[in-house]
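Only one chain is shown below, in C-alpha cells, and it's the form predicted alone.
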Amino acid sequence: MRPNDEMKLGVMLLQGGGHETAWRDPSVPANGGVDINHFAHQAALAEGAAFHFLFRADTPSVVDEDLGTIARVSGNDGGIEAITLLSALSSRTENIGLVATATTTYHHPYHLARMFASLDHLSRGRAAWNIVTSGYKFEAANFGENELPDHDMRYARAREFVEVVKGLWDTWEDDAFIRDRKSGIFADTAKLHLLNHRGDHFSVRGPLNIARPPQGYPVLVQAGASDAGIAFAAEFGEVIFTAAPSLEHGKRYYSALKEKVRALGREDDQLLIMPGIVPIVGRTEQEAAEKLEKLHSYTHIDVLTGVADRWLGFVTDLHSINLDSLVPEALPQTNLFQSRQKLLLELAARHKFTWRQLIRFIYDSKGHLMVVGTPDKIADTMVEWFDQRAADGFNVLPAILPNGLKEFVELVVPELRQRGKFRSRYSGQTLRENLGLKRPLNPFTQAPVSSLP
C-alpha cells in the first residue's frame, strides 16, 4: 500500500533538453553542458517546487555512430560527468535528492562505493546511484575491448557489483567513528568489518576508507526493463526509471514488477516506479503544438535517423530504408538496449507505423510518455497514471531547458497540488525520508537487548 496519495517527481538534468537539437533555441545556453550555473538554475527551479530529486544520465562514450548526427546534437558532448556535477550541486542545494548514473560494466566496486558514500556525506544524505550496465556500443573501445560483454553477462557482473558495493558501505558500523579527543580513540575498530569478497568478477578485501553513508546506502535507482533488467530491479531497485509510452503498457509493467518484488519478500512500497514523461506545456493546445513544431524546425534528417538508430540498437541502416514503408515486426536483436528496442517495435506494430512515423516518435519521446497540451491536460494524464497504478510518480524530461522546466513548475505543478497529488514542501532531511524509503540496517549491528520483562 502507498503510505500517502502524493506522487514523487524527479527531473532530468540535461544540457538543452530532451529534444537533442533544442540547444539551437536562443533561450538555451549553447555551452550549457559545461556551465555549472546552467545546471544550478535547473536545480533551483526543481528544488523551489519541492521535487524529490535531480537525475543525471551519463555514459563514458560518445553515443552516436553517424558523423552527421554527432555534428548536430548536444548530447554527444555529454557535459560534466554525473558524480562530479552533483557533488558541485550539493553545495548549491539544501533538500533535493541527487541521482548520478554510473555503469557497473566499466567501473570497479570500490571506486563507486567510495564516490557515492562521499556524495552522500557532502549532501548530508541526499545521494542516489542510478545503476546501469553499459549499453552504448562505443563504450567498450574506450576500455580496451572490441565489443560490449553479452547482455546477460553484463547483468551477472552488475549483480555481484552491487552486492560488493553494499558490503563495502557496511564495513564500518554507523557509530564506529567516535572521535573521542579525551581518550585519543578516533575509530572503534570493534565496529570495523572486512568484506573479504571473492566472486566470479571481483575480489575485494575492504574496508571502505570513509564512514558509512548517512542514508546507510544511497538510494538505489535502476532502469532495466528486459527480463534480466526486471529481475535485477526487483532484487535491488528502490526507484525504477522506466519508459512507458501508454497507460496500458505502464500498468502492465507496474503490476508485473510489484508482483516480483512481493515474491522476493520485499514490501512493494519500498520500490517506486517512476516512468519518464516529456511534457510540452502551452496555455492553449495550439500554443503547445506550436512549441513542438518549433523544436522540429531545428532538427536535421541526420539527427532524426541517427537518434532512432541509436535507440533501436544500431541494427539497421535507416539511410537506405524507404521511410514510408511499414516497420517490420522484428529486427535483429541488439546487444545494446534490448528492452527499448522491443518496446519501440511493439508500439510500431500496434499503431502500424511507417519508418518515418517511428523515427519521429523516437526522436520526440525516446519511448517515454509524451503529453503536448495545456497544464490541466498534462496534470490529468499524470493523475490518471498515478491513480490507476501505472506510476508512483514521474521523472520529468523537459523538451527544452531551462524554459520547459520553468513552465512545468509554474503551470503544471499547481494543477497537481490543486488535485492533492503533489506536496508543497520537503518533509524529511534525507532523500530516503522524502521518498518514504527505509534506511537499511547494517547487518553487523546487533539490535539492543530490551531491559523490559
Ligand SMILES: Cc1cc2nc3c(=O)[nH]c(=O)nc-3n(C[C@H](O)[C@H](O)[C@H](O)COP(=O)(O)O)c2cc1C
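A residue's number is simply how far along the shown sequence it sits, counting from 1. Remember, predicted model here, so these are calculated numbers, not experimental data.
Below, we refer to the form predicted together with the named molecule, which is not included among the displayed structures.
Residues within 4.5 angstroms of the named molecule in the predicted complex, judged by any non-hydrogen atom, belong to 130-138 and to none of the other stretches in 187-195, 318-326, 205-213, 130-138. By the criterion of a heavy atom within 4.5 Å, residue 34 is excluded from the residues contacting the named molecule in the predicted complex.
Proximity of residue 98 to the named molecule in the predicted complex falls outside the 4.5 Å heavy atom cutoff. Interface residue remark: residue 243 is counted as part of the site for the named molecule in the predicted complex, having a heavy atom within 4.5 Å. For residue 224, a non-hydrogen atom is located within 4.5 Å of the named molecule in the predicted complex, even though that partner is not displayed. Interface residue among 314, 337, 161, 217, judged by heavy atoms within 4.5 Å of the named molecule in the predicted complex: 337. The partner is absent here, but in the predicted complex a heavy atom of 57, alone among 62, 57, 50, 44, sits within 4.5 Å of the named molecule. For the stretch 403-432, the set of residues having any non-hydrogen atom within 4.5 angstroms of the named molecule in the predicted complex is empty.
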